[in-house]
Structure formats: C-alpha cells, structure tokens
Ligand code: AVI
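Form predicted alone, single chain, as structure tokens, below.
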Amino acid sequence: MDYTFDKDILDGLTAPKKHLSSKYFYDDAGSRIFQEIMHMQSYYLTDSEFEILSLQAKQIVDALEFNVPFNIIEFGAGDGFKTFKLLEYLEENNIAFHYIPIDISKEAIDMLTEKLKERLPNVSIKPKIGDYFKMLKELKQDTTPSLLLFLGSNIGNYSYDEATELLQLFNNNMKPKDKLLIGIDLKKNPITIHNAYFDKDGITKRFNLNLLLRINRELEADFKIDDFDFYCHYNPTNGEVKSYIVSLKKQQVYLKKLDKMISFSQNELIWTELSKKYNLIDIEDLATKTGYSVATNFLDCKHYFTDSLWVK
C-alpha cells in the first residue's frame, strides 16, 4: 500500500474544505470507467484529438525536424488509442523511432503493449511503469532526440501554478531542441463543455464515486456510495470545470486502517477535479513562461482542441 495515498486521502478529508486528488481516480476500475467516458457521445475531447493525430500525423512529424531514430515518450499513455495513428504513420513511412509509454497503471501499460504488438508488430516499444520524472531523469542520459507526448488534455487537471511547475520540470529534464506535444482543451460554448463533464448517463458520477470505493478497499473505510452524489460546474470566464462529490446527509465514515473517523455535514462538498480550458493566447503565455516556444498549434476542424507543439 502506498504511504502517500494514505496521507493524501487523510489530509484531503480532514481539510477545512475537503478535497481528493483526481490522480487517484485511476485504479484499474477507474481506468476502465474512464474508457467508457472517452466513448461517450458528449465527450468531444477524445474524437477531437483523435482527428488531429489521424489527419495531421504527417504535418506533426514534419514539424519535428528530428534525425532518426528518435524517442516518443508518452506520459499517462492509457490505452494508447490516440497515439496509435501517429505511430502507424511513422511505421508506414519507415521512420525509425522508439516508443516509450509511461503510466502509473500496470494494467493500462500491459494492455497497451499487447494491443500495439498485435497491430504494429515491428514497433520498438519500451514501456515504463511509475513516476514521470524518475523515468524522464533516466531517459535524459540518452542522447537520442525526444518528442514528449502529454496528450488528452491532462494539463487541464493542474491549477495554473501546478501546470507551470510541471511544465518547467519537463523542461528541466529535456535535452536542448527536444519537443513537447501537449493536448489542450480550448475554451468554447460553455454548454458543450458542461455536457462533456456532466453526462446524463451518470458515467462521470460513477468515475468519481469509484474513488470512495477505492478508499473503502485500501483504507478499510465504510463509505456508503448511495449517500453521496456528484456535481460539476463550468466557469467560462476562467475556463475552469470543477467536479465535486456531495454528501447527501449528515454522516460519519470510519477509515479503519488509519483509525480515523471523518464527519460530513449534509450537502458538504469534496472537491475532486479541475479541468481547465485555455485559449491560444493563454497557451502562448504558458509556453513562454515555462521555457518553450510554440512551433505550431494543430487544431481539429471544429477548433475544440489543440495538440500544441512546443520546443525547449
């Protein structure tokens, strides 16, 4: 059992304003529910990015201007569904590369490796399980030029300060002229965004409440899922979607492993996730502030999303 999980959960549930980190959504069950979210009609992010990587793979690769072979290092690779189109393009055009997916979920990495070996048997794949920065530090010793992939709007889960810190950390562990392709969800009609995060089938609700089930399992807690609900809100002026678990009644939950009783008042909120949206000016500012220049913003046809190519 991971000591930081214990500590983070306890800190979050005993804070004056309760919160839980969305990075803990992705246990094996959570990863499976997230696959369902990605296939929802209203969740435009997956299709938008898939379109960019499918239809603009050539433009992306041309913009790299790398000698071969080069590394493609992907953070939070998940099932690799979107990346596949990019890898397929490289493979079909005999461009030599090593694909290095990094994820905290062993199940996700195993499934990805198996799928890739089936569909692109000749790809050089060197999967890694664990912490991004540990892996990046090791890879920095290698002189091969690298393209880092941080796709799927992952950057949106970080506050502005956290995002700048993360991107600077990436930058510090990159070699000069390495590039970063970063998936960023763009500001758009607030209704479109709202519907993507507050689906009427309750899949996002299940995704959030699954974290309580994980706490039950790993900390021997007694959360009663039916006594909690899910709420989410998009603020179009600052581009932030915030998600919450709501306590439906005054109740107590016992975390047996930590011998700790947590009290909830009726309608008390637990903040679980931030999903921040950017416009193109915000992106330019963020890149400049963290030591990159923006080479190109690759956009889908609706301009809902960008895979933005940055150079260290």
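Bear in mind that the values here come from a model prediction, so they are computed numbers and not experimental data. All residue numbers are counted from 1 along the displayed sequence.
Below, we refer to the form predicted together with ligand AVI, which is not included among the displayed structures.
Participant: Would you check whether ligand AVI, in the predicted bound form, lies within 4.5 angstroms of a non-hydrogen atom from each of Glu49, Phe150 and Thr296?
Facilitator: Judged in the predicted bound form, none of Glu49, Phe150 and Thr296 sits within 4.5 Å of ligand AVI.
Participant: Using a 4.5 Å heavy atom cut-off, which of 281-289, 253-261, 33-41, 50-58 contacts ligand AVI in the predicted bound form?
Facilitator: Answer to the contact question: 33-41.
Participant: Please determine whether Ile270 contacts ligand AVI in the predicted bound form, using a 4.5 Å cut-off between heavy atoms.
Facilitator: Although ligand AVI is absent here, Ile270 would stay clear of it in the predicted bound form, with no heavy atoms inside 4.5 Å.
Participant: Using a 4.5 angstroms cut-off on non-hydrogen atoms, would Thr83 count as touching ligand AVI in the predicted bound form?
Facilitator: No, no contact at 4.5 Å.
Participant: Considering only heavy atoms, tell me if Thr164 and ligand AVI come within 4.5 Å of each other in the predicted bound form.
Facilitator: Contact check for Thr164: no, nothing within 4.5 Å of ligand AVI in the predicted bound form.
Participant: Spell out, yes or no, whether the shortest heavy atom distance between Ser146 and ligand AVI in the predicted bound form is within 4.5 Å.
Facilitator: Looking in the predicted bound form, residue contacts with ligand AVI do not include Ser146, since no heavy atom lies within 4.5 Å.
Participant: In the predicted bound form, which of the listed residues (Phe170, Phe75, Tyr99, Phe207) lies with a heavy atom within 4.5 Å of ligand AVI?
Facilitator: Answer to the contact question: Phe207.
Participant: Tyr132, Tyr89, Tyr197, Tyr160: which sits within 4.5 Å of ligand AVI in the predicted bound form by any heavy atom?
Facilitator: Filtering the options by heavy-atom distance leaves Tyr197.
Participant: Between 10-29 and ligand AVI in the predicted bound form, list the residues on our side with a heavy atom within 4.5 Å.
Facilitator: The stretch touches the partner through Tyr26 alone.
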